[in-house]
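Only one chain is given next, in structure tokens, and it is the form predicted alone.
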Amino acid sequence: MSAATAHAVAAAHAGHHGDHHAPAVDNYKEQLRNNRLGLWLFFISETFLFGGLLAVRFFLWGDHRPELDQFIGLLVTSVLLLSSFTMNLAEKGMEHGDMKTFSRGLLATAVLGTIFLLGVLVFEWGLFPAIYQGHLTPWDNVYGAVVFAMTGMHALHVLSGIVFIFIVWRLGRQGHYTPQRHWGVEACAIYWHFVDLVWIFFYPALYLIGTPVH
């Protein structure tokens, strides 16, 4: 076989594989667009949920608010904002094929999210009176009802986010994701950032806006 013939055969062989590879890439990109669209539609529905809770807060409280612990509010908010940074590290680690950064970033995010949850449960809900005696209950008055509704719904989303993180972490350890294909990691990061964004609105509504009522 001449060199020219060998070159032509190799080019045809490469083109044959390229024809099979291109549809697969196109299908993945189409699926990725659909996944992102579905996720953002989900966030739109969630915005109505959390926006409704904010509307209830301002309708029922007006320019007043319960006397919540300012230090605890600032502490748990700082912890949750820090978790967005570690989540971003995890996503960037996967994008660059750095599994160590990916794994450490996700685990750090899960730990910070757990600390946030414990802060809400212990200091705002008073579930462990031996540690801290809370002064609000969901049935005593309108202040307790709104605080428990807003923090409870947000805490439920944080908890589901932590579960999501551990699922993604386990799949990543099993080699399920690559730097080119890691939709699960991207979706987990976007969801976590959304939960953090919601708290940015909840924090001033609960802790800062209005005159405290004893």
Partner chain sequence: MNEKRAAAYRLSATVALVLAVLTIIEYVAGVYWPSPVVLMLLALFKAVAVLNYFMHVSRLWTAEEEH
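Residue numbers count along the first chain shown, from 1. Note that this is a predicted model, so its numbers are computed, not measured.
The following text describes the form predicted together with its partner chain, which does not appear among the structures shown.
Contact annotation for the candidate site: 40, 70 and 95 all lie close to its partner chain in the predicted bound form (heavy atom within 4.5 Å).
Although the partner is absent here, residue 160 sits far enough away that none of its heavy atoms falls within 4.5 Å of its partner chain in the predicted bound form. At the 4.5 Å threshold, heavy atoms of residue 110 stay clear of its partner chain in the predicted bound form, well away from it.
The closest non-hydrogen atom of residue 154 lies beyond 4.5 Å of its partner chain in the predicted bound form. For the chain shown alone, residue 124 is not a contact residue for its partner chain in the predicted bound form, no non-hydrogen atom being within 4.5 angstroms. Of the residues in 28-58, those that come within 4.5 Å of its partner chain in the predicted bound form through at least one heavy atom are, in sequence order, 28, 29, 32, 33, 36, 37, 40, 43, 58.
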